[in-house]
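Provided below as structure tokens are two forms of one protein chain, presented individually as structure 1 and structure 2.
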Structure 1
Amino acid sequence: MTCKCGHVDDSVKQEDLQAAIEKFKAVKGGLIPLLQEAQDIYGYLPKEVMQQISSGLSIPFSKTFGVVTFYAQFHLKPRGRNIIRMCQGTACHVRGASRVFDAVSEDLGVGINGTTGDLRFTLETVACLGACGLAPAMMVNDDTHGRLTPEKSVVTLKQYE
């Protein structure tokens, strides 16, 4: 659904969003899964989308905003096409994750939660990927990469357009 050109085709997305709202309207506890779906559609959660969701589910906008800002997964700003999530877990920490992070950060020229100007990458950290046996590890989109070194991590990123 995410197109790579950065251009937003709103009408298609709007249709998908309406369908999602319909789907979760009657679901108990539907707010969070609906926000997840909306974020899948838009890549992030624009104000208007949160507003539509709030009125669709009859939930105060203040609450929706509170929920969105509580969970690390939700984003209020557009993000890159590829999401890098560097593991900060204990195992990775003791095996040098911070040096790997620094190398990637330097290579991309962005800091924590930063997005590159060309929207190619967003650099995030995550408490633990649960891939401790492969520490230090990072996840790019849905792929996990393990046993990283500063050099290897930078090379790994080249395959992601």
Structure 2
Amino acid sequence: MTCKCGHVDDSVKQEDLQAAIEKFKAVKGGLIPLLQEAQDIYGYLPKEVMQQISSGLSIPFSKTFGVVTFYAQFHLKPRGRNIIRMCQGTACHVRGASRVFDAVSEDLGVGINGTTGDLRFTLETVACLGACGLAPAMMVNDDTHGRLTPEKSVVTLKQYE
């Protein structure tokens, strides 16, 4: 059940997880797609969820944990609704990416891979966004923002609040 604020009831998440486990139980190589589906349900992979998956697939928890920690797509902590990816590539670096990162970090009150207390933002760095002509650049979710200054980057984030 979903409340007015958009949060899904834990019992619904649990039902969805059990349905996903049943769907992938007999599928060879089903661990990764099951983990992806579980992360879609919960937003990250809590230990209890990984334990249920291990039990449901009859595999050791260490294998599940090993897969989750190997692949960067999986997350062990809650993430923000808006994912900020700050480019640290050469072009962005030369054009002041560190100052832009510092401004965003200070404004949000989080460091690299940090998530704001209200779960609105997660701040990450990436090696390259492939937007060198827009340096310095950042992505917020699927939106690319370029030619940033420290001030412009902070103002840009206001549209995601």
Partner chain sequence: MNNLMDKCCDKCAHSPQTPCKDYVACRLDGPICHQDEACKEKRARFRDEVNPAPGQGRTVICVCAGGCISSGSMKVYDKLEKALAEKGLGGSVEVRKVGCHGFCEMGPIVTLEPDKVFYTRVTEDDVDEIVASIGGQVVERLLFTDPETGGKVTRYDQVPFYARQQKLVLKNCGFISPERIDHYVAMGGYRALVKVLYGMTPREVVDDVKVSGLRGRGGAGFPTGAKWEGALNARTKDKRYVVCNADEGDPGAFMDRSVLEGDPHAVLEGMIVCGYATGSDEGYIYVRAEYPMAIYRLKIAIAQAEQYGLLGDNILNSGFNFHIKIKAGAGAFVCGEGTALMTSIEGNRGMPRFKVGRSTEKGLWDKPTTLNNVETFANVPMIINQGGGWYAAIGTEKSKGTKIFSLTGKVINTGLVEVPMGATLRQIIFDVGGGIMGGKGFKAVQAGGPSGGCLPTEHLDLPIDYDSLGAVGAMMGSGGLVVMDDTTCMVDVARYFLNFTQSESCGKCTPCREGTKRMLDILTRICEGKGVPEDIETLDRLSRVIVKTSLCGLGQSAPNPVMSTLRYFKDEYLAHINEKRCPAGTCQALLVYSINAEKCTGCGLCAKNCPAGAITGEKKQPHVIDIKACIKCGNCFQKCKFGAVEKK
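Every residue number counts along structure 1's sequence, beginning with 1. Remember, predicted model here, so these are calculated numbers, not experimental data.
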_Matching structure (the form predicted on its own), either 1 or 2_ = 2
*Do Gly96 and Ile41 belong to one and the same rigid part between structures 1 and 2?*
no
*Note the number of degrees the smaller rigid part rotates with respect to the larger part between structures 1 and 2, based on C-alpha superposition.*
18
